[in-house]
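Single chain ahead, written as structure tokens, the form predicted on its own.
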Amino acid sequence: MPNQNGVLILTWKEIDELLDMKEVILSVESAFKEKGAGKVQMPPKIYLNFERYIGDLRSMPAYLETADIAGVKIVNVHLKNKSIGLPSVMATIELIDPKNGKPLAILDGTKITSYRTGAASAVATKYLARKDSKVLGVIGAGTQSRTQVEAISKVTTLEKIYVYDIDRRASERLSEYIKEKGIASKVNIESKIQNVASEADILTTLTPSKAPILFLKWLKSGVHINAIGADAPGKQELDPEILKMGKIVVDDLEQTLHSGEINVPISKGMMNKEDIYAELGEIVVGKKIGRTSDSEITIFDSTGLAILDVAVGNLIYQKAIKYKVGTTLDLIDILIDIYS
């Protein structure tokens, strides 16, 4: 258990044992509620681009006023990491006490990132998908797909899941995971994206594409789309015609304009920010209505918010204190000695 001046260090394994998807969804929904009420500070993420390595590094600070917790996440995306035995996404979260600036904890943020991203889709699905939605389509079956499926299954009853990935082995691994967890009674692995899109009541796209892979003509009436893959400038997964026809809900307007699904259509003058219906937080707090008919297409444009990392990081930090998990580092004692 941390002492007064100690910084709590939590590893991936320790965090994995403390994570619970239902708790994470509640924490993420609460963070969106704070954002909708205007009680957060969260500048857009900033990027360092490592073009020679096909990677980037992102810095994401945030302060949640009601929860009274602040922090910053440092996260990378390096698409070639699998070839050297590393995850393509790795992250570290530092929590700060707003009262005095003291560091409280340093957490491995890799799994927290995956969980909070899945939970954000679950919250969006709760408020935007048709209530009778039973079929989920997953396009892109990488690591993130597992928490997407698990989280969405917590807010709606899934009977069938259709999966596509350019690598069939990834689809097979996701299918095995879904069956092991008992999430859906039937899983179909498809060889074409359109086969997934034509069946799904809820679609989640999780690819690093820089050109549209999903088209309007393939979609069912009333589908809800969680557009997750486009999280940096130049990325896009959806045909702009889908965006023009659908109700667009973003996680954060300013951040989405330069790095979300809509960043390419807006930069090309095909859309403007007035085409965005709402931020998800506005719907969560009731400032705007979510879905208004069973036939409309709804789109959640997710870029990944620092407030979610800080909120879930704080959830894990509080549980770690309660259950006496983690290692305390007396970093502040060292600093006090130096500057006293």
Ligand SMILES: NC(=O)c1ccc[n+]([C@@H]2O[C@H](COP(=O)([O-])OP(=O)(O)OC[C@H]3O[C@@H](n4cnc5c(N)ncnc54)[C@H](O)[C@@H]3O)[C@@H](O)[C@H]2O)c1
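These figures come from a predicted structure and were not determined experimentally. Numbers for residues come from their place in the sequence shown, where the first is 1.
As for the form predicted together with this ligand, it is not shown, yet the points below apply to it.
For the options T125, T113, S153, T256, the one in contact with this ligand in the predicted complex, meaning a heavy atom within 4.5 Å, is T113. Contact with this ligand in the predicted complex, judged by any heavy atom within 4.5 Å, is made by just one of I242, V249, L206, V149: L206.
Annotation: in the predicted complex, residues A197, N226 and T298 none come within 4.5 Å of this ligand through any heavy atom. This ligand is not drawn, but in the predicted complex it has a heavy atom within 4.5 Å of S88.
Interface residue remark: Y164 is counted as part of the site for this ligand in the predicted complex, having a heavy atom within 4.5 Å. Contact annotation: A141 falls within 4.5 Å of this ligand in the predicted complex, judged by heavy atom distances. Taking non-hydrogen atoms only, A170 approaches this ligand to within 4.5 angstroms in the predicted complex.
Note that among 282-290, 35-43, 303-311, 267-275, the stretch whose heavy atoms approach this ligand to within 4.5 Å in the predicted complex is 303-311. Along 230-251, a non-hydrogen atom within 4.5 Å of this ligand in the predicted complex is carried by D231, K235, in order along the sequence.
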